[in-house]
Structures are given as C-alpha cells and as structure tokens.
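Given next, in structure tokens, is a single chain: the form predicted alone.
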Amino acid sequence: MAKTIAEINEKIKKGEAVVVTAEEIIDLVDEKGTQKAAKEVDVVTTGTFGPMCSSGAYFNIGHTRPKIKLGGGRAYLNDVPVYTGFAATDIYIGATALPDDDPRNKVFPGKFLYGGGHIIEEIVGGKDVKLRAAAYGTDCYPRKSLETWLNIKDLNEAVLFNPRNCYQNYNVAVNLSDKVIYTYMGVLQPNLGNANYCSAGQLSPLLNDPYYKIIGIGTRIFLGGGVGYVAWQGTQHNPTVNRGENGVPRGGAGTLAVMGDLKQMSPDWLVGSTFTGYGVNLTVGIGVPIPILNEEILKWTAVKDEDIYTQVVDYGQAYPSGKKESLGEVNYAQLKSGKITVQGKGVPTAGLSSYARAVKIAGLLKDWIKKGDFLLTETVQPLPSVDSGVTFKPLKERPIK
C-alpha cells in the first residue's frame, strides 16, 4: 500500500480525504492496527503552541518623499530597536528585542514587560505602531529622520520569519541550587521545587516524523493562524542525538526555520510573552500536516506520550556551566500527570507550552484540509537526518590577542 501527495490532494479537492489529528490517530491505531489505519487515513495533523525565541518579522515600509535610507541608520518600533542592515526600506524585528531604556536585570529579577514579541503581536493584530528612524543621508536618499505611524494594512510586505522553531523534544528544567532562579524555562524553585517542560509531546510535529521523511523544505504548514512554509532546517538542528527504538530522539534534536505572510495571521496564535528575570519572547502556533503515504509513516504518527522520553537537566549549575549532565529520563505521560520523581523526590511539573492550544491547532488544520482550503506540498529537499553528518556544535572559543 502506497499513496502519493498528488493522489491525496485530489481527494482533498473532492472533499473525500480522511483527516485525523495526531491525538485521534492513537485510538484509531489501537482499534484497527497500523495496516488498516494506513489504508483509511490520508492525513494526520499535528500542532504545538509555545514560546519560540528565535522568531521575528521583516517589513518593507515603502519609500518616503523625500527618500530615506534606513540601512546603516537606526530605527525603532514603539521604542524597540529593529535591524536596518538590509536596504533603504527593509527592517527586521526580533522577538527578544528590548527598548534601549529597559533596565534589563539591573533590578533583579527584571520584569521585561515589553519587547519584540509584543510588537509582532500588536502589528498582526492591526494596531498602529510608531516608527522612529535616523539616517546619515546620501545624494539619492537625502532625508535624515522619520517619525510616522505604521499599520500592517499599509505595509508593502510583512513576513514572519523564524530561524528556529518547533524543537523536536527538549529538556525538562529543574533547579538543584538553594535559591530561586529565573530562566527561559520559567521560574525554577530551589531544591527541586518544580520541573518545567516545553513540548506538545504526542501532538508535536517533528515527534510525529522522527526521521524527517515527510517534513522538509517547502512543506506547507499552519503558522500563526495563517499559511506558512518550512524554509530550511532551523538553527541548532541536531539529528544525531540518542534515539529510542521507536526513532524518537531522547532530547532536543531537529528544528525548523519557518516563514509566512504576517497579513494572514492572527494575534490569537502569535503572542508576546514575558519571562521574569530573563527577557521577552514570542509564543507561536504551528501545525504541520503529515500525509500518510505508507504504513511506516502512519506508525510514527501514532506515537504516544508514554513512549516519548526526554532528559531532566539542572538549570541551577549544570546547564549554565555547559555541562552535559542528565538527572534521569522521564516521558511525557509522566510530565503531564503533574509530578515526576527526581533523585527520589516527587517534583511538581508544569508545561510552558499549551497542550490544549496544540489540540486546537491540529483541529483547525484538519478542518482546513477537509474543506479543501489547504493542500499539501511536496518536499523540495528533506531536512538533514541521522546520516547527514549535520550536528550542533558548541562555540570553539579563540582568544583575541
């Protein structure tokens, strides 16, 4: 039994495609087995909704009269700095950017109330944002300053471009020290007071395609409430980590670089986030369809939380020191139960990503496909896999003399 994406797309166009979510496929496989389910099901939809710091957006604001060259100058959106080093009217704002006058952690822990992620949420929500810019002036671009309001409906292009999203598994963060610490994994209480994790587990896109056989460059996805694409492997893509017998990595592995038209998206699925004592972020909603081309692919999509393991890591000392030390493995069924055991102690757990919202994303994508509003794409190029030689290397520091 084998299908093609073209055949599945024809069924979608005719309203005949059988589409289920990555949560629903588990019960279906338990009931009918992988062989029969693979014949019946055409697409399995996945979803995740969590903080993804390597995110941002670029805009083309259009030319002023007289013209101004923002490239090489300085520019701010609502007093948050944007990158101008492209050309005259192209700018990029990163999710973690902060206003120049933010006190950061000078008064610890810093509050980090506003930054790049919040700007992106406001822009996609249709709010006006203030652009301030200063340029050095040239013969062809003589203007040296600009202050104006921008709105997404007036921008030539507004594109979400995220260099690293959708991590394939991730650490569980705990704190062995005797003080409260503030991290990108949230506030961690001393002496194993809590454990934070960040994954949708059995619904997470890359955990349903562990060897990147389906998800690759060119894959059409749900992104921020609109349609987006996988543009490349994400930064820190590391397919060579240890894996279980089911192929699922037992720690952080693959990542995706994604992009899409911000004008199609929604502030429901792109939310500016604050991490006390750490910084700002953008919480991103992503859903990826998995076409069921054969039984093997179907089997991967039926992975359960209890079969997905990850590492418990001490963020009090080991992680900030760069030590690769694990305090043990736990699975996502244990994490979602609300308590795990670390060093013989019961530790309460909390997810930084929202499983309920991931379910909603998988459901929305399922509806789009069933209505014929969303077709699948052929992968232009697969992501680097286990045998590619691609790995994530730490910085090799070389002192500057």
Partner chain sequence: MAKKRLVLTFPHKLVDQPITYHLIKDYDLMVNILRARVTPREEGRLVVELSGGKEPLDKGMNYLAELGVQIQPLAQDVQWHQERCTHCTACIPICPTQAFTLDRQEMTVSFDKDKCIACELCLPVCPYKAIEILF
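Positions refer to the first chain, counted from 1. Just so it is clear, the model here is predicted, and its values are computed rather than measured.
As for the form predicted together with the partner chain, it is not shown, yet the points below apply to it.
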**Study point:** Contact label in the model of the complex: E121 to the partner chain, heavy atom within 4.5 Å
**Key:** yes
Review point. Using 4.5 Å between non-hydrogen atoms, is T283 touching the partner chain in the model of the complex?
Key: yes
Practice item. Indicate whether the partner chain has at least one heavy atom within 4.5 Å of a heavy atom of G272 in the model of the complex. Key: yes
Review point. Looking at the partner-bound form in the model of the complex, is F59 within 4.5 Å of the partner chain by any heavy atom?
Key: no
Practice item. Name the single residue among K36, K370, K67, R357 that comes within 4.5 Å of the partner chain in the model of the complex, judging by heavy atoms. Key: R357
Check your understanding: So which of Q236, T276, N78, Q264 gets a non-hydrogen atom within 4.5 Å of the partner chain in the model of the complex?
Key -> T276
Check your understanding: Looking at 371-379, 59-67, 40-48, 330-338, which one sits within 4.5 Å of the partner chain in the model of the complex if you count heavy atoms only?
Key -> 330-338
Review point. Does any residue in 340-368 get within 4.5 Å of the partner chain in the model of the complex, counting heavy atoms only, and if so which ones?
Key: P348, T349, A350, G351, L352, S353, S354, Y355, A356, R357
